[in-house]
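Only one chain is given next, in structure tokens, and it is the form predicted alone.
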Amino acid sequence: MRVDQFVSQATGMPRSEAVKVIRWGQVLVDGVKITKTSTHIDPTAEVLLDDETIVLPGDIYLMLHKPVGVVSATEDVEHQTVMDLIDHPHRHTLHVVGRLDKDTTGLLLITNDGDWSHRITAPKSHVPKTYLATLAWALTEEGAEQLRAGVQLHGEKGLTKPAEVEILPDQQARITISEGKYHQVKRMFAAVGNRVGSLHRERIGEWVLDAALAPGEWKVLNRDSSD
């Protein structure tokens, strides 16, 4: 990897600052001073910054309870982003695993592990995602059966994959899908003559939103555990 990338990720400093300390001769790699920022180095090399050893942070996995009104992006000139909520020393190395609409709340996963992220979001993975929807009208059993069988979304050919649907009181329904089409859950309910008033994601695969996390809060995850 590039030495400026290494220094940035290892220290948490912006890439622009990493470029400066390298050009000023403050970085040694295996005892050799490196001043060219594009130099590629072995990530396992001994790297010193001002005579202090720095190392890469390793893989980072976070769970966030996304609040309404926040966009699922790393940067946005007009809106607050989910990354603005993350107070982590290596925040600038992280990315959102998939996305939620601005008005949708609930579970988001955030990481610096691109392979893990891809396995979750790749269409061929069919990772199930569970949502709690508050609807304009109570979902009928007929509508639920249509969703379970698959419905045709406006402007698309073919049917959606069968969904798991649970009718709940107070005009709510819990739905689990294994696809990631644009606004899919909202469009699915529209296809059976209903409308989503609010939407909250509860689960992605084995990951369940921690009930102790208030909107806007996050926690570090162990990738090998769903806790």
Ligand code: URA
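The structure presented is a predicted model; accordingly, all values stated were derived computationally and were not measured. Residues carry their position along the shown sequence, with the first being 1.
The next section is about a form of this same protein that is not shown, the form predicted in complex with the named molecule.
For N194, no non-hydrogen atom is located within 4.5 Å of the named molecule in the model of the complex, even though that partner is not displayed. Using a 4.5 angstroms threshold between heavy atoms, L49 stays clear of the named molecule in the model of the complex. Using a 4.5 angstroms threshold between heavy atoms, Q184 counts as touching the named molecule in the model of the complex.
Proximity of L100 to the named molecule in the model of the complex: non-hydrogen atoms within 4.5 Å are present.
Listed stretches are 79 to 87, 147 to 155, 113 to 121, 100 to 108; the contact stretch with the named molecule in the model of the complex is 100 to 108, by a heavy atom cutoff of 4.5 Å. Checking L199, V29, A173, I60 against the named molecule in the model of the complex, a heavy atom within 4.5 Å turns up for just one residue: L199.
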